[in-house]
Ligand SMILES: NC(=O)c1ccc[n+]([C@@H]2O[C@H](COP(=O)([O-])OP(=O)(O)OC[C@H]3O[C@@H](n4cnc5c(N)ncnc54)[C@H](O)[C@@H]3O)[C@@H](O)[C@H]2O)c1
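As structure tokens, one chain now follows by itself in the form predicted on its own.
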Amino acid sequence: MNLLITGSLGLVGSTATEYFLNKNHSITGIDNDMRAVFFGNDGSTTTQLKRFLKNSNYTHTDLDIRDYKNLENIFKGNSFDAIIHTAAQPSHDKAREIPLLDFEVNALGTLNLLELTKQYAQKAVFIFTSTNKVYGDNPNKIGLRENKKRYVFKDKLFVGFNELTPVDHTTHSLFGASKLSADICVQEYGKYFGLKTTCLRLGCITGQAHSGVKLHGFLSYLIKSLKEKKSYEIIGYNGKQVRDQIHAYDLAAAFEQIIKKPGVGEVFNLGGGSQNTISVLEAIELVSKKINIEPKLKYTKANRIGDHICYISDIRKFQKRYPKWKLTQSIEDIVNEQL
């Protein structure tokens, strides 16, 4: 296949690039290291590029996805079987500092890619990495119980949030709003124009390729901070907030299944599910024990605006649609890889 991957040097994009290169597919990668603009040098992803350029099946373009004209030249010069769109401003917190840039990258950049797919690659599969932040803080309205190290659902039969979770009447964060705008456009280009579009509403994604920073990449940044014996700040909920974690490799494998059996205007929640959950306190304890240190912790009582207390993805719809896909990386595997 001939694939276009945006954000090809980031965590998800680079993992997908490596995954498909290993299967001898051709990749056109788009990445202008915007992460360095958002987060400084610690967030830069340029280290991935030298490795990919050694593979003759990889072609790189240093391009901003807001640049419609030059994006159009790429579409005109190629025949793509699939577009995997991972490029984004990815931070809940950073968006409030740069609302215009956040919206342009997340919403306008996505719309550019959809329109060019409609014009030049109507048969291509279009996969968009959306976010659980499209639900805003609606997930916080479910009944919770506070345990010693984490929050848990009061209803023991509740396994997580599905695709019918409301997106309205809630506080999203500006990041959640820009991603929801893109999410709806991806659905609409499927349902209205018949493109093979899929939105994956993702939770926490991680892996060794993650350039985690304070404002993005919770588990990666936590592990990095503790390994380097730096102070780690717990923000809100006494560190008992819970997230499911999915390894980027398992996400790349999910992309492959979608390409083999695409839908039209599809939406799936995807993450580590109920089997791959961890709270901030539990993550600190797990990593500290493994590297045998006493963590330096700082507590901030106020939570981030629109932040989830306990978010676990209900992945049953995706598993039913793609029964050959499964999670291969546990929380333990994910942490061990990054130590």
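Residue numbers here begin at 1 and follow the sequence given. Owing to the predicted nature of the structure, the values given are computational and were not obtained by experimental measurement.
One more form of this protein exists, namely the form predicted together with the named molecule; it is left out here, but the text below deals with it.
- Stretch-level contact check against the named molecule in the predicted bound form with heavy atoms at 4.5 Å: of 32-40, 280-288, 51-59, 303-311, the positive one is 32-40.
- For the three residues 9, 130 and 179, a heavy atom within 4.5 Å of the named molecule turns up in the predicted bound form in every case.
- The named molecule is not shown here, and in the predicted bound form it never comes within 4.5 Å of any heavy atom of residue 195.
- Among residues of the shown chain, residue 175 is one whose heavy atoms approach the named molecule to within 4.5 Å in the predicted bound form.
- Taking non-hydrogen atoms only, residue 205 approaches the named molecule to within 4.5 angstroms in the predicted bound form.
- Remark: residue 86 counts among the residues lining the named molecule in the predicted bound form, judged by a heavy atom distance of 4.5 Å or less.
- Residue in contact with the named molecule in the predicted bound form (any heavy atom within 4.5 Å), chosen from 253, 267, 114, 105: 105.
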